[in-house]
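Below you'll find only one chain, the form predicted on its own, shown as structure tokens.
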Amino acid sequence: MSTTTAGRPGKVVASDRAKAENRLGLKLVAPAVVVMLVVTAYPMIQALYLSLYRYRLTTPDDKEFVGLSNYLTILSDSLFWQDTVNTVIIMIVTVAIELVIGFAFAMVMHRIVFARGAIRTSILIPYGIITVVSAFAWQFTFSINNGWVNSWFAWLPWIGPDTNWFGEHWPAMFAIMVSEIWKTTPFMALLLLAGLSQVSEDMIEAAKVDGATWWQRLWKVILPNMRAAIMVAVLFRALDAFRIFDNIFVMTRGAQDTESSSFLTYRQVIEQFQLGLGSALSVLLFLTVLLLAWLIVKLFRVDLAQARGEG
């Protein structure tokens, strides 16, 4: 987009051509924005409306306006906070581990010079598997009857042939997080690979000429120039991990206090037909996701316009 500088020093004034391009751009995206608002806003408005009622699907005639009572009920319930803590733990642990492993995979895919296609394909295979299928696979893997984890890792002092991974809270949470990490690390690697390819080789070579070690090039050159890509990868995966449902549903069905926030919402709406409470949970989940996205963007302090070279 062309711009011209005029008037007071430092103030950028758009040219007539740039203004015309902006107007054309707004006209082109307006229909898509309207459709997106209708598709995304209507369910949330409907959920917000239902959350203000005591409304059970099995007794629709007893529908009653209760204001914020559903929210007070949820926020004063220890189960809601337990499930929220589970969700936050799963999100933080899985995203942190996926970031490290995903970056290592991205480095391998970026630098490898032989069998590049085969290696990239093999690394990305887990992400192509349906989540429910991978959850069943990991459930069998950790099974006390026919799983291979107990036999393969029996040399560890805390693992034996009779270790029941789904019999206690933390082992069950560990199994769920392993399944999540295995499934979605390739997605993180793919996003980081895109960011890694944007790092200038000239800058890396200049750092080599100046005598920088591999670690110094990584911390001083590569990672700072990948900050936008890392932010996008962490943002996408954090929001995805926060709505975890499939793995828990398949592997434990919420047993041993392994429920997540999404699973609690499912129980209220689908199993107990509590549309009012379920809608209030959905609204709280939506607000939490918005807050989480805002915090991640603020944490990384990335100027996306500058990252795109528009600054």
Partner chain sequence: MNRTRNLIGTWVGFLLILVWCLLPVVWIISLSFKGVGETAAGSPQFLPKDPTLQNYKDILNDGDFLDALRNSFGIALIATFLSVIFATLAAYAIARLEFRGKRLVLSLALAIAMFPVVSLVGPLFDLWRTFHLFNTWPGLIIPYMTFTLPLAIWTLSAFFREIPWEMEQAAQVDGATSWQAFRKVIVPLAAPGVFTAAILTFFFAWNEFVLAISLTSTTKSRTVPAQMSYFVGPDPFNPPYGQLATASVVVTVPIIIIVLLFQRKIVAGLTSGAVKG
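Positions refer to the first chain, counted from 1. We call the rigid core whatever largest set of C-alpha positions still superposes within 1.5 Å between the two forms. Treat the numbers as computed from the prediction; the structure is a model and nothing was measured.
The form predicted together with the partner chain is left out here; the points below concern that form.
**Student:** Identify, from the list Leu223, Ala207, Ala137, Leu99, the residue with a heavy atom within 4.5 Å of the partner chain in the predicted bound form.
**Tutor:** By the 4.5 Å criterion, the partner-contacting residue is Ala137.
**Student:** Among the candidate residues Ala154, Val85, Ile92, Ile130, which is the single one with a non-hydrogen atom no more than 4.5 Å from the partner chain in the predicted bound form?
**Tutor:** So the residue touching the partner chain in the predicted bound form, by this definition, is Ile130.
**Student:** At 4.5 Å between heavy atoms, is Leu52 in contact with the partner chain in the predicted bound form?
**Tutor:** Heavy-atom contact with the partner chain at 4.5 Å: absent for Leu52.
**Student:** If you check in the predicted bound form, is Gly117 within 4.5 Å of the partner chain, heavy atoms only?
**Tutor:** Yes - in the predicted bound form, heavy atoms of Gly117 and the partner chain come within 4.5 Å of each other.
**Student:** Would you check, heavy atoms only and a 4.5 Å threshold, whether Ala212 touches the partner chain in the predicted bound form?
**Tutor:** Answer no; every heavy atom of Ala212 is more than 4.5 Å from the partner chain in the predicted bound form.
**Student:** Is there a heavy atom of Ala194 no more than 4.5 Å from a heavy atom of the partner chain in the predicted bound form?
**Tutor:** Yes, contact at 4.5 Å.
**Student:** In the predicted bound form, which residues of 154-170 put a heavy atom within 4.5 Å of the partner chain?
**Tutor:** Residue within 4.5 Å: Phe166, and no other.
**Student:** With both forms fitted on the core, check whether the Cα of Lys27 differs by 2 Å or more between this form and the one not shown.
**Tutor:** The answer is yes; the displacement is at least 2 Å.
**Student:** Taking the shown form as the reference, report whether the CA atoms of Val35 and Ile270 lie closer or farther apart in the predicted bound form; the distance changes by 3 angstroms or more.
**Tutor:** Pair moves closer in the predicted bound form.
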